[in-house]
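Coming up, as structure tokens: structure 1 and structure 2, two forms of one and the same protein chain.
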Structure 1
Amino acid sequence: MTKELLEIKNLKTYFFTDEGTVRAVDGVDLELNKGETLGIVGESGSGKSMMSLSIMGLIPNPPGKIVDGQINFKDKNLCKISKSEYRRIRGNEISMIFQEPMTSLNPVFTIGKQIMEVYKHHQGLSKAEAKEKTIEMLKLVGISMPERRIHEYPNQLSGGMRQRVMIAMALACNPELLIADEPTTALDVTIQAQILKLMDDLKHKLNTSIILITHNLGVVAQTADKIIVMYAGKVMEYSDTKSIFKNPKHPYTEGLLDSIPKIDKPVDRLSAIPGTVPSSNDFPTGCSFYPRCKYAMEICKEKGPDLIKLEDDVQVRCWKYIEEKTFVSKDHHSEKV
């Protein structure tokens, strides 16, 4: 039986700049159960990373601020706790793998010292105990000769090895929630597959829930139980992985899937979504995706649609489905759903 670990309600994270208000995360809802992997996908600028930093309590203030919503972790609203309590939770119960391992690791300290600091700071272990735990963790993430590696610096390791070190550091305290922000960026395909398999294996060994953030739908296809498709700070579609790939509902999801090369359907030119993600402080009136949408209607330019629930718990933010539900209801008692 699954138990809810994380629930986010109407989360809004804004940045207040001289150019205007940037709505980085604009009313997001999600749920994550224990032992599940949730994939969050979308183009750069969709709000994926800001979502993860909001959960971690790492939004720079000023200029950023969570202006509304709740982040309920194990029935505790993280938006209401003190900074000291957040520091206790961060690393112990919620950990994060950041995008670039080379910039996330300190170049002037050995990897052993950096992982040992996690054990000493969060668990109060002695230097000898922390060293022993560090070697065990490096073995767990598949790093050979960990007794030697702990004395090496980040620049002495390959990209894949550095990413494994980041995973070891994030999992050092056996967190209940692991947030992985683009964990396979800049890695070759073979190493990508190894890192994803490693994360999945560790999830089952340690019973850790994972939020996997990526712009690549192919990455979440093999690991995620559920997927959220984000665009311009909002959730456009939210469903289980099988439904997303078998029958995408939102035009944006459809466009992302069409841009993936398919072995059984060779083409001369891949499909692409026209245009780019709009600036966060200059979203169009109405649906933020309508300037790029091939199904855009007049109402899409005037008013943004709500996120509605369809069959099989699929959620989608699109006037196409709201209009269909309205049409059906007018045939029955003339009520708008």
Structure 2
Amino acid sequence: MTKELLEIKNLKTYFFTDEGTVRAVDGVDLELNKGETLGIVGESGSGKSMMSLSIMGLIPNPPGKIVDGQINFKDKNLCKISKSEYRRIRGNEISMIFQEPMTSLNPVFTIGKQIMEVYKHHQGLSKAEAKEKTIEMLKLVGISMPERRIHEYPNQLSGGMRQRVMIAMALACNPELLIADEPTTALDVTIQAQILKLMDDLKHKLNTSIILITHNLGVVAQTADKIIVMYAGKVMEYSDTKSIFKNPKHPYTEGLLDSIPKIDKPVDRLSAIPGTVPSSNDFPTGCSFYPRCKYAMEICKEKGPDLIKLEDDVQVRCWKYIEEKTFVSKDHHSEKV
């Protein structure tokens, strides 16, 4: 029996700017069990990064604000806890690594100091103890000669090395949840493979749950247990990894998979999704994917569909299935059309 670690209900994170309200995250639900890896896939403006910052409680305010919903982490609603309580969780029980290893480390402190700090603040370790643990951690993420490396500054390290340092820092206190926001996007292919392998190894070693956020379906195919596909601030499809790649339900997921060239299944012509990704302050009314959808119906334009459960682990937000389902059974999620 797996235990639920994180449950997000109807999360809404909005940004209030001069140009209007940006619904970066617009009613997202998700669940994550202990030891699981959840992949969140989306393109620019899908709200996937804002999702992760919402969980971390790091939404820049103003202009951003969580306007509705719950983030339940181990029976605690993170939206309700005090600032100091949140600080004790961040970097300790939930950690995060970012896309840009080049800018995510403080340039004026040695990497040793930056990792030791975590031990000092969360575990109250002395300098010597923290140093010892830091060296251990750096060894764990595959950095050679850690005794020497702790005295180096971030600009002396390559991008891949910096991302390893970020991982060491994030995993220092053995958190239960690691959020990785596009951790390999800025890296070269061979380095990306190293980092993905490292994260997978460490996950099994430390039994950490991971939320892996990416725009690259290939990155999650091998590592994630479940996948969420986001588009325009909403979850379009939520499914286990196997079925999403084998049998994508949502037209967007289907289009996304079809538009990637595959070496093992060459085609003469890619089937592209027409149109452009909507900009985040101008989402279409109705279903946000409707203008680019090849199955678009009249209803899609007027009204956004709800997320409905198709099978045990498969949920989808599309009128196509709601219509089918309403004939089959009266699911409480769906509405009669």
Partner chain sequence: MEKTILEVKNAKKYFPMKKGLLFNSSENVKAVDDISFTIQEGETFGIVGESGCGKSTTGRMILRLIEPTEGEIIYKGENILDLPKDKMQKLRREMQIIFQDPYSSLDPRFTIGKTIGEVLDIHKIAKGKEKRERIIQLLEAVGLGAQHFNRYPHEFSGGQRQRIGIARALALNPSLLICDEPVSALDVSVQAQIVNLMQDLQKEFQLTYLFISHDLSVVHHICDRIAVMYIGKIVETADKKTLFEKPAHPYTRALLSAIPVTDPEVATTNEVLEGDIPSPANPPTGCRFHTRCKFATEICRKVEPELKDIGDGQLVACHLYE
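Please note that residue numbering is based on structure 1, beginning with 1 at the start of its sequence. Basically, rigid core = biggest C-alpha set you can superpose within 1.5 Å across the two forms. Keep in mind that what you see is a predicted model, and the values were worked out from it rather than measured.
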Quiz item: Here are two forms of the same chain; which is the form predicted on its own?
Solution: 1
Self-check item: Did Gln70 shift 2 Å or more between the two structures, C-alpha, core superposed
Solution: no
Self-check item: Shift of Asn33 between the two structures at or above 2 Å (CA, core fit)
Solution: no
Self-check item: Core-aligned C-alpha movement of Asp306 between the two structures, 2 Å or more
Solution: no
Exercise. Give the C-alpha shift of Asp268 between the two structures, in Å, after superposing the two forms on their rigid core.
Key: 4.7
